[in-house]
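To begin, one chain is listed below as structure tokens, in the form predicted alone.
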């Protein structure tokens, strides 16, 4: 989990007095994009921060108007390296401004942070220093995006208070002053990475917005205001059901005379996927070649949405209620999704809100066969002239399980082992000694699918352990035919491993086969010897999930 994701998008405008620019003058673009997976001391490593940085750089060059040679991507940077790159940018941009050019600077960081500093591995870069260095660079427009823990505090360095919600980013506020800071959460909120999206929640939704989903007025470009609104809603929706809780995107504004400042131009993309007006539901766009999620958004009915992508083959997955639609799209120019060619299926849900499961219960009945354990107790029987009349014993087990995790179940197992029979021939009447054992266990059951396609998707390996109570009944018949019965009580243990076939998610019937060992050292004799009843057995079972 990401220690926190908070975004700060700061736009600072510095207009050089006495230096007017005619319409059409070239605008030089520069970007410094940082990503750090390193957790540093006392923090877990992130999984996707450096990948997020690369994706941001890709969108900047594809849709933001930034020249690839001026986009500098730094994975796992050090504070000193950041200082050096910022100093170099300041020198370069100062020269551009002196030559009469307008300059746009974009700074992005994804990684760990705290309320006062960025955590770059085991080192730190203070937020106050970062802000001072960035705004000292004489760019016409500076855009700063911080996707990290408590990065909303970036605004508080100057004493600004982040907005509570998107209403702060209305056009009159953008025109009212000279700076804007957009933060994906407050200076105290935490945030997470998404295993499904393979990205931080905020960066993913910000980039989807910049690809065109945030273009609310359909003018072919996404402004700061539109990107903010889209990121605010989608990030809050995506994180509201997580254990950490929702992230609230906030905005600090200080722009003068720029109005709707565009951040991306999806209309200029060489390829795009258009979601038609009739399409409605949670929509995911997957790149079939790289198996990565390019976009994930809720598509409302009634308005077309255009998402800029690289040319290639994509799969759309649209969920509406309990139905799932899959649509294959070859993106070249603008490819409109043809709903008539989409396949539809029922949704298979593994987990749902509150941590429950669609089919959380399973009952299993199994037959077991195997030999009893040989020990001092049974050897004494042999020494007294008894022979084992039944080398193998059979038994039955009944198990009830409840699923508490995708791979973990808990429950109870009842086991009964058939009689073990020992005989000694005599002159009058053969003597016999036999016993049977019943056990009740509390069990933990772990199960891991062995594949995702075909038969392998239905086959899982399992391990089961249990502790409980055993009850053994013995019967001794002497040479006169007189029977003596005894009963013993004590602790018992169980271990089992094998394979289970069937769909855990959809319930229904399944089968299992494997090994089961029971250990119940409870039958004793007058020589202070104890027999560990149970032994090693092969088991074959049938189960039903519901």
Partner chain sequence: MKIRYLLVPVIVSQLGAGECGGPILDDSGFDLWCGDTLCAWGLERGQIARVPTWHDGDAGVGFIGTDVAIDQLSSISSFGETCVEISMIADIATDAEVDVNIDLGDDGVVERMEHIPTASWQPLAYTFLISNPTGGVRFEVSKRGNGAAVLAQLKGVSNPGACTGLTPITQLPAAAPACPRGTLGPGGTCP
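None of these values were measured; they are calculated from a predicted model. In this text, the rigid core denotes the largest set of C-alpha atoms whose superposition between the two forms falls within 1.5 Å. Numbering follows the first chain given and starts at 1.
We do not show the form predicted in complex with the partner chain, though everything after this point is about it.
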Residue within 4.5 Å of the partner chain in the predicted complex by heavy atom, from 383, 80, 290, 122, is 383
Report the residue, out of 407, 476, 135, 416, that has at least one non-hydrogen atom within 4.5 angstroms of the partner chain in the predicted complex. 476
Is every one of 367, 374 and 495 in contact with the partner chain in the predicted complex, taking contact as a heavy atom within 4.5 Å? no
Within 4.5 Å, heavy atoms only: does residue 530 come near the partner chain in the predicted complex? no
Against the partner chain in the predicted complex, would residue 489 count as a contact residue? Criterion: heavy atoms within 4.5 Å. no
Answer yes if any heavy atom of residue 433 is within 4.5 Å of a heavy atom of the partner chain in the predicted complex; otherwise answer no. yes
Close approach of residue 198 to the partner chain in the predicted complex, 4.5 Å, heavy atom: no
Within 4.5 Å of the partner chain in the predicted complex, counting heavy atoms only, one of 46 to 54, 59 to 67, 28 to 36, 479 to 487 shows up; tell me which. 479 to 487
The partner chain in the predicted complex - contacting residues of 522 to 542, heavy atom within 4.5 Å: 525, 526, 527
If the two forms are fitted on the core, does residue 488 show a Cα displacement reaching 2 angstroms between the shown form and the other one? yes
Core-aligned CA displacement of residue 381 at least 2 Å between the shown form and the other one: yes
Note yes or no: does the Cα of residue 476 move by 2 Å or more between the shown form and the other one after the core is superposed? yes
